[in-house]
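A lone chain, given as structure tokens: the form predicted on its own.
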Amino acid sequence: MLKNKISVLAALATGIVLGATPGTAEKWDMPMAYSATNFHSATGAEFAQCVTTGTGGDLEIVTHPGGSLISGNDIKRAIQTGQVQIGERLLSAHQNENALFGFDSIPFLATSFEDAARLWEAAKPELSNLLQSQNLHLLYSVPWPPQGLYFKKEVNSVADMEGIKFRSYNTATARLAELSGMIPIQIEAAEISQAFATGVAESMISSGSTGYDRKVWESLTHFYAVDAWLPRNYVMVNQGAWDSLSDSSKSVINGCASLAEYAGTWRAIHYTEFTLGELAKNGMVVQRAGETLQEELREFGVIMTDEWLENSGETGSAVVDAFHSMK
């Protein structure tokens, strides 16, 4: 059904530009940090094809998943400086630049897809302004499934986590590791399998999707659902590259971006149960965290929420207030 909708949108987008004067064909490279089989990368590939078809080939977007063109940590800077025109990155990976980038990783604020959608609606205007100030134009954003904890042993309380080497991917995950006595180690998504296989990391907080994509059952044994937050990926364009486009091309891209956001979110929702089932099918213990562990994690959540609100100031408070007002 999604592919049919993408085809329809591409056809409509093509119609938008049929009356336009053909221009010189342009190619945009789109680096992405996650593997080609990941649902974010699949959505990005369909978005790219939608744009390429919709502009009649005047603008061709070519995706490069798995950090094959530019490593995940360098994607945003590459777009800002014009090394590439477009790309996708984990939003909260930039929280060290500005606390607002971590709005989606406030522990236990938005723990469902419905809440995550409302939080995105509350934060999007402020985030768009922030990105524009950094020479970037926001196109679309897709959430990950709810985050859970992976270990290579049974864990019933925070005390059981002491000293474990923990893969972190943003400020929030590093802080969670510190509060729980684990050792945070920054590891990009493309490096997860090797990190666990070699013992560089022994645990992480992530979705079932990441665990399934990286086949973590080869090294880890337990997944505990805690629904800590639903982080987001986002696709951005260099502002100068965006401004140089014709109005018809912008219309095509905006239409394709809207569908990509819908399609990606749909995938995230339906991928959640499938991936957790696959973890279990491949021998992992998959269950909700026990009451003790959940209560201890929520105490950390209160601490981290207060810290985020302090760091994000009035802007962050406005986003959280807007989110609460939508309930």
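The structure presented is a predicted model; accordingly, all values stated were derived computationally and were not measured. A residue's number is simply how far along the shown sequence it sits, counting from 1.
Quick note: we don't show the form predicted together with a small molecule, though the next part is all about it.
Looking at A189, you'd find a heavy atom of it within 4.5 angstroms of the small molecule in the predicted complex. The closest heavy atom approach of S207 to the small molecule in the predicted complex falls within 4.5 Å. Taking the partner from elsewhere, Q147 is found to have a heavy atom lying within 4.5 Å of the small molecule in the predicted complex. In the predicted complex, at least one heavy atom of Y169 sits within 4.5 Å of a heavy atom of the small molecule. Residues with any non-hydrogen atom within 4.5 angstroms of the small molecule in the predicted complex fall in just one of 241-249, 69-77, 207-215, 120-128: 207-215. Every residue of the trio Y34, L90 and P231 has some heavy atom no more than 4.5 Å from the small molecule in the predicted complex.
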